[in-house]
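Here you get one chain, nothing else, as structure tokens; it is the form predicted on its own.
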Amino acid sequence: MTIHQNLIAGEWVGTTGSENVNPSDTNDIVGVYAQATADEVKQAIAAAKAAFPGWSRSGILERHAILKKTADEILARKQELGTLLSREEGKTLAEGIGEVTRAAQIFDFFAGETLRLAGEVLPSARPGIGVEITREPLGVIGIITPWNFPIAIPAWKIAPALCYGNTVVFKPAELVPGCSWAIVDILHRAGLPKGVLNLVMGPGSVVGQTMLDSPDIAGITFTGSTGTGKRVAAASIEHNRKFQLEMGGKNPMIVLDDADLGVAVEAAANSGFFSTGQRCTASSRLIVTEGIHDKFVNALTERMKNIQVGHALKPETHVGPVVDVRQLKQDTDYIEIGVKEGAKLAFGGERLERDTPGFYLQPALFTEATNQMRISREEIFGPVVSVIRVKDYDEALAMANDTPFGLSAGIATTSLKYATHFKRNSEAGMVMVNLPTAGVDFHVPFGGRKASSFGPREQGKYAAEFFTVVKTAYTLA
């Protein structure tokens, strides 16, 4: 197979590669993708540093045209790129196409933002002096992305970085290089000057570590595990580098006695099991008041019986495979842990066989769980959900907030009183009422609290907080 190479200083380089395997069919090799060496990563950082003065002072129409052209091509190729995404990550084709569409929307939004760059002109407290407040690009941005959203997360980091005049060194997750390579290729052909965007694929121990060790990277934006996020933070503090972290979640969904049962069940099934539960915003803790508990569990179990697990590209599939064998083992290990802790495995949790060899797992539902069990406190990152019975709303709210994480939280209720109280008192960065905890818009801020996030929010106009620095200038009239 042809090796998909790294992009460094405007040139495609790399002669050795790693196979990208389809989790729906391990006999299907999606492609071969280059593995960057530490020296190549250093070259990419140097190229980005050299390109920064020119790009940071480039005209807004040039940036707008490149980002808009990128958005248009991504959208025009949504079927092709959605199929690629589903092959390499395991999302269903509908989810893959939806994610590609979202990536196009993100580039289109930030194309528009290049034309809306603004500052402030204020009077000074001292007579005869004017004050200007402007935003300037940060510098070389290191971007490290996870495998679960292989085109949307790169888009929502790369697009604002370029929009605000930064240059980029981009490391995608090893498991899903295909979508990242495609998006970089589109941007490259859209007219980015050499060195403005550099792609370095390969293992974190080589590529990521070299980026962390470099004093020439002014900011790192990272999405991934909590453990790796702490390493990013420690390395960044050493270099006095700006950093942005999006990490884990153990997101609660409260179901109150007054909830619409159908709405609650559909929100819980979508939150916990769709995208194979491999979303940082997925809800794996269902906190259910005792008056509706049994009806809810029975209805959710029936709903789970109709969830079709299979090859990501088959139209009848609702839930695709787990992304790889390591994640599958993690999921099944946690299912064993839940049983040993005393929770009841009410449905699912078995390995499944399909027409093609893949990492298929039937979604699992635990009941009789407590909030102190490991399955209720640690992020599993798979289609494994626990139901916790509580007495009333007050106990449900306290339990929902009793977690080291704080990314997303939901409530199913027909009560305006409880919905309003929950929105104000939930210790999460994003709150959903009668909706799945997973599923956010591209033009509004994304992020959490506590151990889930650190630094400015991502997406929308709030992205400027990370990708720019504020300058205050005084002028004597």
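Sequential numbering from 1, following the sequence displayed. It should be emphasised that the depicted structure is a prediction, and the values quoted were computed from it without experimental measurement.
The next section is about a form of this same protein that is not shown, the form predicted together with a small molecule.
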Among 167 to 175, 132 to 140, 355 to 363, 189 to 197, mark the stretch whose residues have heavy atoms within 4.5 Å of the small molecule in the predicted bound form. 167 to 175
Let me know the one among Arg326, Lys295, Lys340, Lys344 whose heavy atoms come within 4.5 Å of the small molecule in the predicted bound form, would you? Arg326
Exactly one of Gly224, Gly277, Gly82, Pro154 has a non-hydrogen atom within 4.5 Å of the small molecule in the predicted bound form; which residue is it? Gly224
Output flag, Thr301, Gly348 and Pro383 jointly within 4.5 Å of the small molecule in the predicted bound form, heavy atom basis: no
Can you tell me if Gly310 lies within 4.5 angstroms of the small molecule in the predicted bound form, counting non-hydrogen atoms only? no
With the partner left out of view, is Ile144 within 4.5 angstroms of the small molecule in the predicted bound form by any non-hydrogen atom? yes
I'd like to know whether Gly204 contacts the small molecule in the predicted bound form, with contact meaning heavy atoms within 4.5 angstroms. yes
Are any of the heavy atoms in Thr370 no more than 4.5 Å from a heavy atom of the small molecule in the predicted bound form? no
